[in-house]
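Single chain ahead, written as structure tokens, the form predicted on its own.
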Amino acid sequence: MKKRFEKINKVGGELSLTGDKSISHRAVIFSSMSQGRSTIKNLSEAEDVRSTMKIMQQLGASFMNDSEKIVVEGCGFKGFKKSVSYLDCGNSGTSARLIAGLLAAQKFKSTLIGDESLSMRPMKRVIEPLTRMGTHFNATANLTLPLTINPKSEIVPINYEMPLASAQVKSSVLLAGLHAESETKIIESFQTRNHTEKMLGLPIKYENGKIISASSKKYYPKPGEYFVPGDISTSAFHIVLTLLTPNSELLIRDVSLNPTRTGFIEVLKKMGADISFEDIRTSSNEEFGNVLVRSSSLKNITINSQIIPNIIDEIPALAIAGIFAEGDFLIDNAKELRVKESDRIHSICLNFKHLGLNVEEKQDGFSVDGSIKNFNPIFESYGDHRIAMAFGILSMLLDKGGEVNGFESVDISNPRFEEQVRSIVIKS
């Protein structure tokens, strides 16, 4: 589906977003693991989260809509049942990798499948540690989906030093480790998203510059009430749109402010963005609050490589800010962008070239400078929701607007994107 966006003049008002996708996945999984009834408020409407819910239902959990919350009847410790069909993760890497860890500890064989895009994304990163924990896998020659999981009788606890910064891999191993009597430990050199540790109440310590988290049977999730804050990664597009539109101010209410997720805001503030947090609270050990954004003049900065794992999903939005900021925009040490829903390095670079910008594509990033020469572009989403939203935002900033092919991909994370934008655009 091709979607056209016209130039906007002003952003204003307030915005509330549906639940954070990362937290929603975990709320669905943890409540399904619990013995008894849990509730989830403000669950994400993303297709990715629906994939996780469907798989949990296939394994025996039940979900019921009750007014403004979801009621979940969980299956309890090793209480899941073998599915009569394959477990379809759709486009969701989070579903595939986290659920692989959960299924590694069950009593039955399972097979995970996904769409064409997900079936090209790497699964070796979870296969390797879960194999050390005693699970056998059957996968393609490239170690991608379809993936058949053959558990052994007991999970073997391990100490696993992460070879790459990945919250999905960390969470997969921690989920498997919840099924053992003694502790499985994860050792990280760089802090990645810590939703799994926070929501489960897992112990975390710091030794010699390393971050160590642990799981065992005593931390197995219990029934509870989950409130999912608004999606901070989705808010990145609205924040950038507000910053770059003159005379604009936007308040985003009750959004996730987990420090491992707000790195892109810290980058924008260093670039000169007028962004502040208000009314910070906590639920399920997760911080959330309001974000106030005002129009700002931005200057590009050197982005520290250590923050890359915590801004990886927001780089498409940051890149849009970067081409309107003073100076050259540069991202490196971000090779992980190559294995997202699309090759995001290549996707961003090709779309920027449509504008006539000077673009240098690198193995682990890209640089861009120059002025926009094509004011009536047609962008490609490459089937990637974050690329679609980024270039939708960019189109609204161009004098003649722009078009994005394949815009329906936004349903993967934010099916209400257009509705949200319409609610904050002020016509004059």
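Each residue number is its position in the shown sequence, starting from 1. Every value quoted in this text rests on a predicted model; they were computed, and no experiment measured them.
The form predicted together with a small molecule is left out here; the points below concern that form.
This chain is displayed without the small molecule, yet in the predicted bound form the stretch 312 to 320 from 237 to 245, 265 to 273, 312 to 320, 144 to 152 comes within 4.5 Å of it by heavy atoms. Contact with the small molecule in the predicted bound form, judged by any heavy atom within 4.5 Å, is made by just one of 296, 258, 213, 168: 168. For the residues 197, 336, 183, 254, the 4.5 Å heavy atom test against the small molecule in the predicted bound form is passed only by 336.
Within 4.5 Å of some heavy atom of the small molecule in the predicted bound form lies at least one heavy atom of residue 22. None of the heavy atoms of residue 110 is located within 4.5 Å of the small molecule in the predicted bound form.
Taking the partner from elsewhere, residue 119 is found to have every heavy atom lying beyond 4.5 Å of the small molecule in the predicted bound form. In the predicted bound form, the small molecule sits within 4.5 Å of a heavy atom belonging to residue 94.
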